[in-house]
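Quick heads-up: the structure tokens below are two forms of one chain, split into structure 1 and structure 2.
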Structure 1
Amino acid sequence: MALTGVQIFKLLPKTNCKKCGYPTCLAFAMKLAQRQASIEDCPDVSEEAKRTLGEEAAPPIRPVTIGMGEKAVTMGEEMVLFRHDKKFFHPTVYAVQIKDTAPEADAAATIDEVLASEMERVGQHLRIDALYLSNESGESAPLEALVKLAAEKAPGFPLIIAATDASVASEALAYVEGSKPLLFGANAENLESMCRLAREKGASLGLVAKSLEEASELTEKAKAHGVEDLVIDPGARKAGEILRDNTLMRRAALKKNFKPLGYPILTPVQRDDEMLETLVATVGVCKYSSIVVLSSVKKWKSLALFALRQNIYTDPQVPMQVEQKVYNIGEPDGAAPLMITTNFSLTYFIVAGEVENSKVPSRLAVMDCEGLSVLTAWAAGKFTATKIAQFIKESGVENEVANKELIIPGYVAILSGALEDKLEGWKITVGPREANAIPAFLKSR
């Protein structure tokens, strides 16, 4: 894995000249090991040491970007095997396949569906991120027409152009020169010509291997041909093989610092059975695929996969938060109960779910407590009588309710007296401690 401070120290001039800003070469080496300093700060270091340390400092999984502008997506740079250790970094890219044998109207409709797939969920914009345009015809003209169509309808949108013949793909790539497509389909037979084409057109290159051994040889050869922005499809197609290959690749890159497999992974999961396809995509999202290629846009499939990607790529150290506001559950009238809780997403989901279960139309005021749960927020001084009173006043909910009554979580019953003082004219009612008691509580009112 990474070099230690002492190993780095051995590569430095050991003059303690202080030109780097640190008192000694050893202190500088320690900072380098923690990636808090750059080797460029040492004016006297040898070229060889620079090369060694430069390679060392490169992320174990190379970043690769496809597309241009605000829709561009970056992959790679992952640092962990398990999401509880540290946030999974670049969310899996969802690509939808369009074959160049499809009638133009169908292709155009699919592109429109992809562009319309964007939706908001818990404050994030989620969408199908890329198009996978495949050369099923084996001929140049249909692929060219399809890429042209995509480039016109969606300029800069990340495109994956799948072909195995560089001369066939060449014309198609001309349409998207400068917008960083991914040319996908290099293998042991066509490697040299595909590398040349990728280089000429400024495309990154996708390698298709039959095994991890072959994949590691192909990346080395591609590098020798001057292409370094690579994506690997190790050839796994069955769900279990995808898990195996992806796991071994991520481990090789992170734990062994094995550079030949330190690239983003592309996983085709297309199935006639789209329910099964959704589940195989789940393997890709949970277990290390950077691109998952889907067979079609189906709203139900997109919705489930968006939620999954959002969950798996959430930072485990930063709780997911929902927006501060008063949420209507059902269609509350003026007499409907008003409850308050904090904006920790899990708290919100559980409380809102139980209110929904009660079938009693209600208002739920969700207060920004930096994503803490009720008790933690109270203990941290973020869910206090003063702050709650201020939030309720500023929310304007006062004008919507007939009776000024606020139901607070049972765990913060202690706040009720202070709240009645701060919220003049309001009645404070102590609700249940646990969310699962909410339906009974609401129904019994």
Structure 2
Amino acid sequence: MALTGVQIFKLLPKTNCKKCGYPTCLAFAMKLAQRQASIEDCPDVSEEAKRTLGEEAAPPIRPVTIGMGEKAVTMGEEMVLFRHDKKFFHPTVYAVQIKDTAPEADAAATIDEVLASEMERVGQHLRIDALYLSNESGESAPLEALVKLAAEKAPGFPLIIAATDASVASEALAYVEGSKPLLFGANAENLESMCRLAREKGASLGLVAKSLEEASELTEKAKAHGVEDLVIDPGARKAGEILRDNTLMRRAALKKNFKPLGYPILTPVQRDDEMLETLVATVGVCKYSSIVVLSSVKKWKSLALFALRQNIYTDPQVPMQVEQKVYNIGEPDGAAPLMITTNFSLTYFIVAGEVENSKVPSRLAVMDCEGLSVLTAWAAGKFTATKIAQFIKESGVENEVANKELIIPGYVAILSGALEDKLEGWKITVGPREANAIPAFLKSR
């Protein structure tokens, strides 16, 4: 059980010196209990208290990173059961399986598909995150060849190397040593040899259990063998079992501070039926799977799973925003229309999409309104005539346009008069209320 604020307070100097930035030691203790402050902020705390509080302050779910560079992915560090309580930190990793029994050309094609899986949605770049290379042959040479191929075609890309024989996996790991792969397949029978190999190769270790009880035993034994970065497959395969086991693990780690189950979860969902596979994958994404292993790359499947993951892992307390600036759509010349909207991501992408659909090269001025939509920003006093005029003047866009005309959203037509007063020499035109009317509006001008 995590320490309470009062218990933490008893370990502090209780001098109320304010060196930590808080008015009293009790206030600082409460922030520590809420994991909103660091014990390092107190310069006078004893080393013994640091050790005690340091262990308590560790994330209830250990962070684990696989891969190197910009493609590396981190899992764990989650703090809440429900997204609306705070937010989820590290999105589910999608991994695609390649078997070492597959012909080299097929394996190479799948790797290419994974590398080309990236798509942009609401300003974010979404993609398949990892390769799951499995030793179906039971022999070392095919796995070695597959890992070598992946390392050559996708250097630094997160790799999960699945094997149950440490001697088979050893040669394959030599090709990705130093790239932080995940060695997956340790169980009660091979744990010691797999731990030794993971330590030698600098790999994280994936544990395969038949139950939550066995999973907790395996993590304790792996730690005793010197491996801390662990990922757990608790053995659940059916959707109901995944929901049950993942929820129990998250609750045990967060509510009971039960360290043996405080690790990222790997969920294999491969099915012959791709629709069923996708549905089972959604259960894992919604309920705490850190890695979901898929059988293939399909655009329709990727779109559904990417959108689901994006929605769940967006911070509910911070609206998605785009950068404040004047965006060129197409290749606008001096006579091109200039429109304005707010920086709420959905608003921007819907408006920008409709402008593109019109085929009329245009400029779209996007104003920082803290991620609020047009009407909400206007009601909150963030999208006013004064602020719009200031933004237009400071943007320098008047040097790029031949006709000083600004098109405002139809929902804030009430601002047109005030804007003409604030923007001397400009013509203010009221545009459509709904974005889907923009193409017809632009073409009719």
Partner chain sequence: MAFTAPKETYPGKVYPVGMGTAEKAVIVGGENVLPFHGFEGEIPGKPLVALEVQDVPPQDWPKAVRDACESVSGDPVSWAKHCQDALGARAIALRLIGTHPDREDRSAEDAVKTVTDVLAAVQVPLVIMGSNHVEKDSQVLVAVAEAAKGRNCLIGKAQEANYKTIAAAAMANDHQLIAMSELDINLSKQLNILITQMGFAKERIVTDPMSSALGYGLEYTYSVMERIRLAALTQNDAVMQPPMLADLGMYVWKIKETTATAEDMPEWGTLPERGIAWEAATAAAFLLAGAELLVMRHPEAVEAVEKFIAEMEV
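The structure displayed is predicted, hence computed values, not measured ones. The term rigid core refers to the most C-alpha atoms you can superpose between the two forms while keeping them within 1.5 Å. By convention here, residues take numbers in order along the sequence of structure 1, the first being 1.
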property: Chain form predicted alone: structure number out of two; result: 2
property: Exceeds or equals 2 Å, Cα of residue 409 between structures 1 and 2, core fit; result: yes
property: Residue 66 C-alpha moves between structures 1 and 2 by 2 Å or more, core aligned; result: no
property: Residue 78 C-alpha shift between structures 1 and 2 of 2 Å or more, rigid core reference; result: no
property: Rigid core superposed, the C-alpha shift at residue 431 between structures 1 and 2 in Å; result: 9.3
property: Distance the CA of residue 370 travels between structures 1 and 2 [rigid core superposed, Å]; result: 2.5
